[in-house]
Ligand code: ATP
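First, one chain by itself in structure tokens, the form predicted alone.
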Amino acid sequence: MELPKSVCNCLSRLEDAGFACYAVGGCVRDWLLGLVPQDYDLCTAATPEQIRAVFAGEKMVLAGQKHGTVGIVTEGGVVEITTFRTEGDYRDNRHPGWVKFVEEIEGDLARRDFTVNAMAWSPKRGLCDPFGGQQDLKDRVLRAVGDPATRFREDSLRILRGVRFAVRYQLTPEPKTLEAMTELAPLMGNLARERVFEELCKLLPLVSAEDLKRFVPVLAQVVPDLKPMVGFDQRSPHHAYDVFTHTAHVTAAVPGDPALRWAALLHDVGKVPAFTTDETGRGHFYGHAQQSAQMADALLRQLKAPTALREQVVELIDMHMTKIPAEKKVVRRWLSKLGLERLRNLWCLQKADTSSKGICKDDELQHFVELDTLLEEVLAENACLQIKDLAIDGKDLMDLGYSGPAIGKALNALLEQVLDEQIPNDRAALLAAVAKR
């Protein structure tokens, strides 16, 4: 493994001082997979006091010192160095009741979550892999270190992390690990919602429809609104899938942008409570978009999602059933209302929703091609979309005797007329229209 210069220098200084030191965890896993590691962690036989002595005179980050971690500030960023340790007595499924420093790397690796993350590498000693992580990587297997139930009771977020590792690295959980992940998933209810949200945001951009269907027993523990959707028959000639299978396909069909993925995952959570049938037995979901938006808003508030993301997701869900005719005047008005990014995101969600029904007519998707064509035409025309784009401004109206709120009302009225193509965005035409008011 070729370590960054700053990491290599830290490792060498500890080795030169007589303390064994290894690169550990994710960087070793990614290296063995032929990937470029995004970050590097070191572990060492040196205690925190000894690490501080080795790096005396250097700027350090000591917030994690009581758990054995000292951060060394280098030109390449902060390099975290942790003393070999074991830990136990996890009373809250998250924090260890005690931490004990140990002398050998094997004791440290034994406390880690999965075998693929329980490997260490040293330039002097090579690969340390006491639990067969390298072979599991070759076999594409996700296996907990030791007893899976013990690992997940120590920190239940490991269950959700396991889903992410399985998805990202195309690993299949071995039976005992998968069984423990599923049975102990309710323990994730003890986790801070911010930690759950952060982990879900890492996972959602990676998932395929098959991933979502495979791991929904776990995911439904942290997104409980998904559970009623699984297997729910829509009883509709427009849908070949149950509500959750449709949702899984929609989620996989949108780009990996967090807001789009969240909107896709939650866009139909209101279908089950909104479900009704007519006299023929056909299913209907009147008002489900608005109900889904309300449920998504409540869920994202519980998960402590950032306000901007939550509002974007709720808006997309609320509007996802809105029909936008393929007319330039209509497209221009929607572009004025939402702006380019929000409008494209809405169409992206609507297109994924349409194409993921399992029954989709060609003309339904052709509609979005027509909308995109019209949008490009409007953009090429540099059309007037906002008050600031009008050929006259508030000063012109003041010169005509307007004042106070009347100025804003007049400008808004002019913009509406321009958007409806009643008058051109021409200075003379606008002034003439104002004179008629």
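The shown structure was predicted, so the numbers you read here are calculated from the model rather than taken from an experiment. Start at 1 and count along the sequence shown; that's the residue number.
Below, we refer to the form predicted in complex with the named molecule, which is not included among the displayed structures.
Listed residues D129, D155, D353, D225 were compared with the named molecule in the model of the complex; D155 is the one with a heavy atom within 4.5 Å. A single residue from the set H284, R168, H238, K138 has any heavy atom within 4.5 angstroms of the named molecule in the model of the complex; that residue is R168.
Stretch-level contact check against the named molecule in the model of the complex with heavy atoms at 4.5 Å: of 288 to 296, 108 to 116, 182 to 190, 241 to 249, the positive one is 108 to 116.
Though the partner is left out of this view, R164 does reach within 4.5 Å of the named molecule in the model of the complex, counting heavy atoms only. Using a 4.5 Å cutoff between non-hydrogen atoms, D41 counts as a contact of the named molecule in the model of the complex. Using a 4.5 Å cutoff between non-hydrogen atoms, G394 does not count as a contact of the named molecule in the model of the complex.
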